[in-house]
Structure formats: structure tokens, C-alpha cells
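Next comes just one chain, in C-alpha cells: the form predicted on its own.
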């Protein structure tokens, strides 16, 4: 418990990436030793600006008081060093240093499926999400989603109604119910599932928080199902994360005249699995899942299965020959945006071209020191700056001028 107080301190410092937190903890042999280290010792691990920010933050931090607040709200903090840390998350790119949790985490030995889709879904999408969530709950497959209005919350509510479990991954602190209209669902999830976030308590729901949290949604699941998504949809970020993590992606098809189905239909064209009937999908999914579980128990060697091959096949269909964009002058706004980029973002931007490239292709073009960069997260941030555009799931290019 004493160490957990210091883990809370390290996890609550704002605007730090997971790699920085891990580096600090590993260098000093734990969060407690990092907390007790001198400013001079911090400067040996961090930049001067980072060390100064940490000193100012620590001077205002009330170690025991903040820890008691967390416990009073029934929140647990689970770091990578703990056995409780989800196995599914350990090996994903940019794995969270720690998770704030209310309720019980998804069971390691039980199957889990992420259900994602449009917030402003159609009656058709709502119907499919409800039937899918109900089927998953009835078969004891945990539903992972983001508790957003629309497809997310409908599928999670249906899973709970069917006697199953569900986990909500938030883009805010776990003590913040967002959206507020889902308060009843939030309370049910705490009692019959879990609410999870990598963001510290009291963190509000900011737009920039949601793209990174999507890697946890897909990371906690064994497969991802997309019910409805427009061609340029935040849902497709989760698909990109899932493909990068080697997860299977299934899609519910829609009418070609329905803009809410444009993203789904394009994913099918690019090689995603097609979900036509929940029970049929479950039979296929569970057969693969239990087969993998049985092999894990009987063999310590890494498992080669169809998941990685299928996901690589889906990504390979999106590979295109790339040509660097040149000869166009940058606008004043672009020049200012480029000046604000972090070294990691600048490296990713420098690897991009005017023709679309896959995440794997971009990673191979990065300098060695940036190969471990959470590239999809950086791409999403570059898209938000208007410097990059996503032309299809898993494919990015420079913004056309």
C-alpha cells in the first residue's frame, strides 16, 4: 500500500507519456524511490524542463490525502509491475504505465470483444448493437467499449441486461461520468463490470484524450466489431489500433446508400471479417479463442495463429507505392504547426508522403531511436493539427494543399 501512494503520484503528473513514467520508475527501482530522489538525480533521467515541472508538481502534491481520496471512491491503481495488470495490454504499443479502475477488470481467461460504432447511429445500427450485445452477454463474452452514446452504450447495456459483463474505457478520469446522461449505465458497470482509464482522477473529457484511449479498447479485447461508421470516423481509429495490435476486425455491413455504413463497407472491401449474424460470429470467434487458450496452457512457446496472419493480410491490401510530396509551399498556419511538433511527431511527419502509407511502412522509415514511438497516436495528433489526413483505415498521407 505504501508503494501504491507513490505510484499514484507518478501516474497523476499531467502531460507525460508512458515511456517517461516507466523510465523514471525503472531507473530508480520503483515510484517510491523516484519520489524520494533529489532534483539533481531527476535531471540525470529527465530534461531540465521535465525535472522542473515534476518538482513544482510534487511540491503541491499531498501524498496521503490524494491516496485517501482515491480509496474513498473505490478506485484502484494497477501498474505494469503488478500481476493484476491485464495480460492483453502488456505487449501493445505504448502500453499504459498504470490503469485507474472502478469495479473488476476483464477476466484473463474469459473472452472479450470490443463493440464500437457511431454515436449518432441509425435505428438499424441500434438494433444490431442491442442484439449483438445481448448475444455476447448471454454467452459470457465481455463487451469492451467506450460508454459513448449510440453503439457503445447500447451494446454495453444489452450485455448487462443479458447477465453478462462489460468494461468501459474512458477518455477522462474514472471518477468522471462522461457523457453525464449515461450515469445509470456507469453505475451498473461499476457493479457488474468495470470502468477503466489511464487518465488521473478529475481529468475532464477532452477531445485529444479519445484517440489514445482507443488503443486500450482494442487492447483489452480479443476481437473488434464495428457496427456503424462513417468514412471519416473516430471509430476507425480503434480499427487502426486493433490492426496494429494484431487483433481480428469484424464489420456489420450496411446499405451502400447509407453514409453511416461507408466506413464499414470500405473495411469489408479491404479485407475485414463480415458479421452477418451474432450467433454465427460467436461460434467462429469462440472456437478460435478456446483453441488459443488450450494451446497457451499446454505450451509455453509463442503461439502462431490465424489472427496475426489475417490482420497482416488486411493491412497488406492497403499498401500502395509512395511518392514524397514536393514543390508546394507551406502555408503560414502549417509552418506554425510544424514548429510546435514534438521530436516524435516531427519524425513521423518526416516519414510521410503525399501517397498513402500503412503504419507498418511508416514505422520502417523512422530513425532507429523512434522505432518504439506509439506511431498511431502521433498520427492522430498530426491529423488534429491539420498536417496529415487518414485516407483509409491504417493508411495516412500528408495533407493535400
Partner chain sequence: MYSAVCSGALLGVSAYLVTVEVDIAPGLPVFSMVGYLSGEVKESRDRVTVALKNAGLRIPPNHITVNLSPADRRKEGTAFDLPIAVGMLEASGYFPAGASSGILFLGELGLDGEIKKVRGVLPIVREAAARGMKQCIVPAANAREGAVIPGITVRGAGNIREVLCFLGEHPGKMQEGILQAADVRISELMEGEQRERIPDFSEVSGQETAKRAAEIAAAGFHNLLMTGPPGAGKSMIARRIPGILPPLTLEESLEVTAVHSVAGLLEEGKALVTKRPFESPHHTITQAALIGGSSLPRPGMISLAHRGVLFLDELPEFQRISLDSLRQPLEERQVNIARAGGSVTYPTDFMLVCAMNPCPCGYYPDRNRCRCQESAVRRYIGRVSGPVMDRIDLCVELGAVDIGSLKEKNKAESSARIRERVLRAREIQKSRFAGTECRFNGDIGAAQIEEYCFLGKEEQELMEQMYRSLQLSARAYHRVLKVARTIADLAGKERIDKEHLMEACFYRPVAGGI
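Computed from a predicted model, the values in this text were never measured in an experiment. Residue numbers count along the first chain shown, from 1. Basically, rigid core = biggest C-alpha set you can superpose within 1.5 Å across the two forms.
In what follows, reference is made to the form predicted in complex with the partner chain, a form of this protein that is not presented.
- Within 4.5 Å of the partner chain in the predicted complex, a heavy atom is found for not a single one of 34, 71 and 174.
- Looking at residue 360, you'd find a heavy atom of it within 4.5 angstroms of the partner chain in the predicted complex.
- Contact between residue 258 and the partner chain in the predicted complex is found at the 4.5 Å heavy atom cutoff.
- Within this chain, residue 20 is remote from the site of the partner chain in the predicted complex, having no heavy atom within 4.5 Å.
- Contact annotation: residue 390 falls within 4.5 Å of the partner chain in the predicted complex, judged by heavy atom distances.
- Note on the partner interface in the predicted complex: the residue among 184, 283, 277, 120 having a heavy atom within 4.5 angstroms of the partner chain is 120.
- Contact annotation: the partner chain lies within 4.5 Å of heavy atoms from the stretch 258 to 266 in the predicted complex, the single such stretch among 184 to 192, 258 to 266, 96 to 104, 77 to 85.
- Applying a 4.5 Å heavy atom cutoff to the partner chain in the predicted complex picks out 376, 377, 380, 381, 383, 384, 390, 391, 392 from 375 to 392, in order along the sequence.
- Residue 378 is among the residues whose C-alpha shifts by 2 Å or more between this form and the one not shown once the rigid core is aligned.
- Positional change of residue 387 between this form and the one not shown reaches 2 Å or more at the C-alpha, relative to the superposed core.
- Shown in the overlay between this form and the one not shown, fitted on the rigid core, is a CA shift at residue 62 smaller than 2 Å.
- Between the C-alpha atoms of residue 117 and residue 378, a gap widened by no less than 3 Å is obtained in the predicted complex, as opposed to the form on display.
- In summary, the C-alpha positions of residue 388 and residue 121 converge in the predicted complex, ending up at least 3 angstroms nearer each other than in this conformation.
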